[in-house]
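Just the one chain here, laid out as structure tokens, in the form predicted on its own.
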């Protein structure tokens, strides 16, 4: 039996319960199918076969979940940070115990290659362990001294929060949002993406196994137009953390405005990777290929615009074309697969539409540009490279969110910066150069929330993660997460020595 066959067999074992039983909502410590009786089909992107039915939540389920989170908030808020730490570390242990299951289910559900999903549970556990350790110090503030007063700041959790996560790497991004919220002392209502909902059900199960009190973790399946909207509007929810499309983020801000919700948005990107003539050629080539074609190009920080300096362009493109042509597209559970199927037929059709857009705009489709017919009915797209593009083309301005790279030539550093900044987005950027002074100039001049110099996307949990412009509002990571999930209060203590003004004496 091949590795692929073994993985499919094991995945089917884990998936059988989802196929045999409707996946429900998790509210106040209990599983429920809700009140409407409506369900929607969850479809495998690899072969269009059903992975089971998902209960379609509505306002009733969201209201129940928000009320449960509100009722559980005081107990969870007042629990000692050390106790929350122990619970979250137990949760991390449970994720590691179920690592194989999480990887196989996630890979099947969203189409990501198993080679990238193998570490999903470990990385998710690392998120919980990191923030679990910080739970003890979450309330800590500052001491600010004056000659006649001492000011102390203290922090407290903001309250129940809504967490709305996307379909591209749902497990990882859910843990990245939920872990700091729980460590801060908030309760949560999680709305997973309808295209890839299964790992959210596993997470809810693990939260119960770890001993979280009922109502601290709630999860409602459904569609953004109903579940997401009500969650963003509900008065019990004090903040909403969202990862997804820019247009959806804008609607969430509108929906939360009436209740003055705090909003954290991690949105789209059209991220540049700039390769200068003096770059380390092989390392830059490896990074360029990895950062757009891994995770099927369905990554918010993918470097989807390749800016090549004229002196290196011809040689770099020649090597790049060979690498893209050599990428292995295949079943997500095949260990040899480097690019799997796109998550859903809707998104698959959207990505393919850009092939005709590129042709009509005058870009060259140097590699790819078609569906992989030989792989059957799955959502398989050939890894694609557009060359000879300019920054005014749609393929250079719009987020395609697939294994598609657009190349643009530049001559000078100033021109590279101008092209990099000429976008509505500003999530991430990458630059490859051996000139340290240039690196410092780029750091100050490129309009982005995150910039990597001579590196692919390197993950560092204490560092701020987030974008500028249409790429979002707010930052995740380390203490930056607590700034979102907690309120800061200033307490001023007088020393008894200052003059108090008198009126009417």
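Numbering follows the first chain given and starts at 1. Keep in mind that what you see is a predicted model, and the values were worked out from it rather than measured.
Keep in mind that the form predicted in complex with a small molecule is not shown, yet the notes after this line are about it.
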Completion exercise
Answer key: of 256, 330, 244, 426, within 4.5 Å of the small molecule in the model of the complex (heavy atoms) is 244
Problem - Residue (of 316, 348, 354, 401) lying close to the small molecule in the model of the complex, criterion heavy atoms within 4.5 Å - result: 401
Practice task
Report yes if any heavy atom of residue 251 sits within 4.5 Å of a heavy atom of the small molecule in the model of the complex; otherwise report no.
Solution key: yes
Practice task
Find out whether any non-hydrogen atom of residue 300 is located within 4.5 angstroms of the small molecule in the model of the complex, and reply yes or no.
Solution key: yes
Exercise for the section: Tell me, yes or no, whether residue 173 is in contact with the small molecule in the model of the complex, where a contact means a heavy atom of each within 4.5 Å. Expected result: yes
Problem - Touches the small molecule in the model of the complex: residue 341 (any heavy atom, 4.5 Å) - result: no
Handout entry: Partner-proximal stretch of 363-371, 223-231, 126-134, 80-88 relative to the small molecule in the model of the complex, 4.5 angstroms, heavy atom
Key = 223-231
